[in-house]
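Before any questions on how it binds or moves, here is one chain, the form predicted on its own, in structure tokens.
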């Protein structure tokens, strides 16, 4: 019998395991490894199969900003503790073109003042070729970008100990009782725990994990990876991450992560955006089909055009798209709540910003589940669960 079973060894789950381990609890951390072939994989997928995500402290509101600042401090401590590179501190550039999306600049300046974060205005050179009418603002280090794969490794390494057991498997059923929960794995193995924490992202409403479905909307997310040479990657290593508020017939809300090294040994610049082809999912089969062979190539030309226009002097060697899913909640804050008090807890729904703040979300759910504690300065209501009687997006 474990004190806790954490279902989902992703960014939030791995963070929760570290904090619970520090509290001395016995923990089962359950989650499969990264698929070797996404096109044929039939199990669950995770959002951390990536080497570059934007990290910024300034967020959509003050509570998210404070949680993001706290997460950045933890990433730096994890780097010192584990020796793994997690946070590249080149800053985050807000680019606000005339006729684009509602101003990043105005929102960021307001949050920066409240959160005491310095901003650099009137930049002489951003490193990107942007429209002449674009207003620029740089949020300096420690903002920049994070490596989700290394962050998972660091969290797991920091959590590892005699009281933490990792199961590279998938949970296919959970039965809850007054005394605990029985978790059945894909290989028919069973695990018993006093409390369960679900950090299962887009797969939360499936695989018999919940007593009833929660209100979680699932949207496709398309990214493009642009391959560059090692020499160009070195030349561009000081580029800030970019949030570019453009809107056209194909794309809007573009973000860019400068070139980083991926597991295949190559360097890729990453761009993501909302596209006119985005779709919503409400069943497991559609989610699996999207991850296996979704039509992300439909956005390739539009995304390629943005990349080559903002970095016209880079010799890009190739371009290919990849697929992810964003989980949205009605409040636009993650669900971090107790579904069954003293038995079942949940932390999911990043609303497009979960990766960079994942450590703070793991910290919140660990303290809630272990000690029934919630920070006084953080209203809990936006993080509370909303159910839906019929699950559909």
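Positions refer to the first chain, counted from 1. Since we're looking at a predicted model, the values are computed, not measured.
The same protein has a further form, the form predicted in complex with a small molecule, not shown here; the description that follows concerns it.
The small molecule is not shown here, but in the predicted complex it comes within 4.5 Å of a heavy atom of residue 324. Residue contact with the small molecule in the predicted complex: residue 268 places no heavy atom within 4.5 Å of it. The small molecule in the predicted complex is approached by residue 46, whose closest heavy atom lies within 4.5 angstroms of it.
Remark: residue 203 counts among the residues lining the small molecule in the predicted complex, judged by a heavy atom distance of 4.5 Å or less. Taken together, 53, 171 and 255 are fully in contact with the small molecule in the predicted complex: each brings a heavy atom within 4.5 Å. Stretch-level contact check against the small molecule in the predicted complex with heavy atoms at 4.5 Å: of 122 to 130, 258 to 266, 207 to 215, 311 to 319, the positive one is 207 to 215. Just one of 306, 191, 84, 223 comes within 4.5 Å of the small molecule in the predicted complex, counting any heavy atom, and that one is 223. Residue 30 is the only one of 58, 30, 364, 27 with a heavy atom lying within 4.5 Å of the small molecule in the predicted complex.
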